[in-house]
Ligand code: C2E
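Okay, so here's just one chain, in structure tokens, the form predicted alone.
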Amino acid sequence: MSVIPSQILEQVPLKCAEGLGLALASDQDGAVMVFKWCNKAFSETTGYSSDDAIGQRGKILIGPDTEQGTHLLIIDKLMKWERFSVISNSNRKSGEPYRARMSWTPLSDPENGDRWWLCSLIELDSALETSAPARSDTGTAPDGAVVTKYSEEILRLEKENRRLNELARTVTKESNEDPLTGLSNRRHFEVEFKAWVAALRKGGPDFALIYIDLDRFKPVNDTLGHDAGDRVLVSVSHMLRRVSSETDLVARLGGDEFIIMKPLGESALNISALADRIVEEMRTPFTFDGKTVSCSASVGVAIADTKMSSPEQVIADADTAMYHAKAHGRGRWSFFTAEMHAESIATKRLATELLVAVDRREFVPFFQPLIDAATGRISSAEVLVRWRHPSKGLLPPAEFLDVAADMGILNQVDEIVFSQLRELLEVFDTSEIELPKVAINVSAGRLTDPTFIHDIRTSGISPGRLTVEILESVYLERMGDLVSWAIDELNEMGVTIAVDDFGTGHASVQGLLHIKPDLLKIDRQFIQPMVENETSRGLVASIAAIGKSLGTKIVAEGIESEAHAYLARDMGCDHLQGFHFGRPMSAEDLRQKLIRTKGQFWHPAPDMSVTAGAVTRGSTA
């Protein structure tokens, strides 16, 4: 088969006697179009050169001599996207009349969906007769009845087009707008962000990303209800609009997270000034329905500039900066730095290593003894996790637990440690040493995991020998049926329930009434200063009195000296825990110490007390 030479194909539009024009049409209305190309014959027929025609609307083909019925017929067919042909009168650019067969064929671009019209013009040799009716490809002449018919149809179509256009605008708005606040939503932000990055790559302006996360927003929803939370979010959105510029994009990403994209301009000072103002505005309490709600914000700022190999990274950078602000006190803003980038990389590396550690079960239990305040003998041992890292050695929980919690694998870490307890207790028992109980820390998430109760039932550990210390008690009274069910199951099995870190301002007396714990552990921040600080002693005494009134045994954490031990005992604490009696130790170290001491960690004198920081005999301070 012979191939048509390209030189021949290039001559076709020039030599073709038929006038051809291509017009880009509106998606909503086929009768709205703009010519983008025409050939030489098109220009000769219409009198419009290529430069004249390009950019013109399709109405250049309708002249004063075009019959009304024909005009209406053309509009009707175009609006319906129908292929058609019609013979009609028209006028060239100069006004000279001519008669032609006009054909229209709809086209569609498969790549981007654009809609086009191909217009064909063949000028007829017959002289123009003003009385001659125009004819369509149906062969019928548009008489008065037809004109009326098409006029009515076009009015109907125009009304329908207006309705569809309004609907399209509404759908577009709703798809781009957050329904609660009216700000851009995540989808619209992502589309605009890609456009800003594309412009940046082509030499466009640098821009800043300001990531805003509300502090302590969850308690607003929990205590005042979701309606109050929504009103706070709406108030924040109004404030962000007010402090930002028209050229900024302000979006709500979801929940209590907002973001602002702002052109950098000539200086970064306007960016820092905006971050300052947002933080300052959020320090002002919100007031509605006679209620005052305080809700600060942590803000992260990062810059996308032409020097970046991957400007898309700016979102993660701003997010990292925001978490840095949150970790350093909240109610402040942080600018993304190279040090944060290094920390982010280290965190990602740690997360990868943690997944491997879970798979290899590299977590081991360590033990810290609890001492009976009256006898000085060991009454229990709290189980604390350590990570036996293959290259870094033994790591304390402070170096990995937060990341594990963010990854959602804390439950798996807990399960690995708990699964080792039965075998270790058997080692203690065969050594004929006394270890009455072990206490395990349980996060609220682990407590609501149904496998937790199953793990205890199948562990082989006597429930009477097990204490469950509930962490994150901040929201326990509002966590609903799952927590209540788990606590009821533990009580029914005979497991001891303890509330950890009481007094830090998180757990409440109402929560205690809901949980009804057997043990209440007073946080170390109240115990440690009480030897020298009378106010601390008063607080400890008050907390102990609350526990006693509920029939709960009291544990004092943070006992670091003999004076601490005597003060805590004399204030009514039943059990003592702290470095004075032993730091967290391996199972084997605890076993050896129990053998050596026969379980006697302290020899309290019955008549010792503390006055002015010194251990004395006599009355209680």
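Keep in mind that this is a model prediction, so the values were computed, not measured. Don't overthink the numbering: it's just position in the shown sequence, from 1.
The same protein has a further form, the form predicted in complex with the ligand, not shown here; the description that follows concerns it.
Candidate site formed by Arg386, Leu410 and Phe579: every one of these residues places a non-hydrogen atom within 4.5 angstroms of the ligand in the model of the complex. Not displayed here, the ligand is approached by Arg524 to within 4.5 Å at the level of heavy atoms in the model of the complex. In the model of the complex, the ligand stays beyond 4.5 Å of every heavy atom belonging to Pro463. Although the partner is absent from this view, Asn185 stays clear of the ligand in the model of the complex, with no non-hydrogen atom inside 4.5 angstroms. The ligand is not shown here, and in the model of the complex it never comes within 4.5 Å of any heavy atom of Glu562. In short, of 45 to 53, 554 to 562, 586 to 594, 29 to 37 it is 554 to 562 that has heavy atoms within 4.5 Å of the ligand in the model of the complex. For the options Asp256, Glu362, Glu469, Asp319, the residue carrying a heavy atom within 4.5 angstroms of the ligand in the model of the complex is Glu469. The listed set Ser344, Ser120, Ser334, Ser443 contains one residue whose heavy atoms approach the ligand in the model of the complex to within 4.5 Å, identified as Ser443.
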